[in-house]
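Quick setup: one chain, the form predicted alone, written in structure tokens, and binding and motion questions come after.
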């Protein structure tokens, strides 16, 4: 691998990769070759003497081969040559003097993706776009982040599960559901693993986690929405309040961001021009009603007819928290029951409020968490209150007829976290293959 060349002694090496750039000078040729680990400069300084037909008494220096001159950007080549350490070489302090070059697969000369191509063109040719070092880094960041989260879960004795994505009924409501044919009947693509996460609590699994796809038939074209996304979910038993869920949430995020900073912080700063910030604990917590009053006092009144916060309100309260606490995260707590699912536990002192929260990161909501209602009679009553038919929920409600411990959890959008961490303008930049209302290819 190219990243390993700097640690090797001078001598013969064999490298492969994609041609990124060719500089064809009069007596020397330079090629920048890149693989998934980095880039290296290749040099062809060897020449042959060939008679000049117009002047037989003189010789003309010509390149050893025209192969390099004819290389197209993106061609995949294998090169054998002499590795030389040279501190004057800006690209890693090493170069390879070419002895043999094999064009394994040639690229067409008309590369459809240029440096100034818009996002739709780049998504059309996503495999070419992903060759960019910035895009490669995005998914190494994702890998480091998820590995750190898994380490926390595993160290705490949590169990990883994989829940089905075909469901017989909705997990929350029939809104934003994809309906699909299923033999002689129909099924729905899962919006969330919520019901199955709670089944694990009834099954005695205790702490569980899942990283998997979720689907929302949402016609939104915003920078933060997708019709298919990766959801990070966890659920745990034996909790006393949503505080237990929030504390786990903090622990996971701090571990993930710490791993990213330690492993990839220098590369992120080089390619994205940003410094990874690891948040301190505890994260600020503000009841939703109080948050609305704060932004109102600062000149913005949330214009919604319901009791929820809107995106602009989220940005405003995040700016307030950043200014007051120097923090990128804030938990908005105590959401009104009218805008929360039936399975969220109500506040004992004020039943109009739920034991739930949204987590805001740099002005955008990335997660919803809550303590769940585990008492069957209360759960049934809250479902009816929401206009839901308990018969359609029978498989779910049965979990609670045979003893379930107090429990809670959260679901968090991985792609939103990456977008905000790397300060990208759109979730499409940090999704391997984006799916939206107008995109099903590639």
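All figures in this text were calculated on a predicted structure; none of them were measured in a lab. Positions refer to the first chain, counted from 1.
This protein has a second form, the form predicted together with a small molecule, left out of what is shown; the following refers to that one.
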property	result
Candidate from 126, 225, 320, 140 lying within 4.5 Å of the small molecule in the predicted complex - any heavy atom	225
One residue of 190, 366, 248, 291 in contact with the small molecule, assessed in the predicted complex (non-hydrogen atom, 4.5 angstroms)	366
Region of this chain that lies against the small molecule in the predicted complex, out of 339-347, 322-330, 83-91, 308-316 [heavy atom, 4.5 Å]	339-347
is_contact(residue 218, the small molecule) in the predicted complex, heavy atom dist at most 4.5 Å	yes
Interface membership of residue 194, the small molecule in the predicted complex, 4.5 Å heavy atom rule	yes
4.5 Å heavy atom contact, residue 427 to the small molecule in the predicted complex	yes
Partner proximity in the predicted complex: residue 272 to the small molecule, non-hydrogen atom cutoff 4.5 Å	no
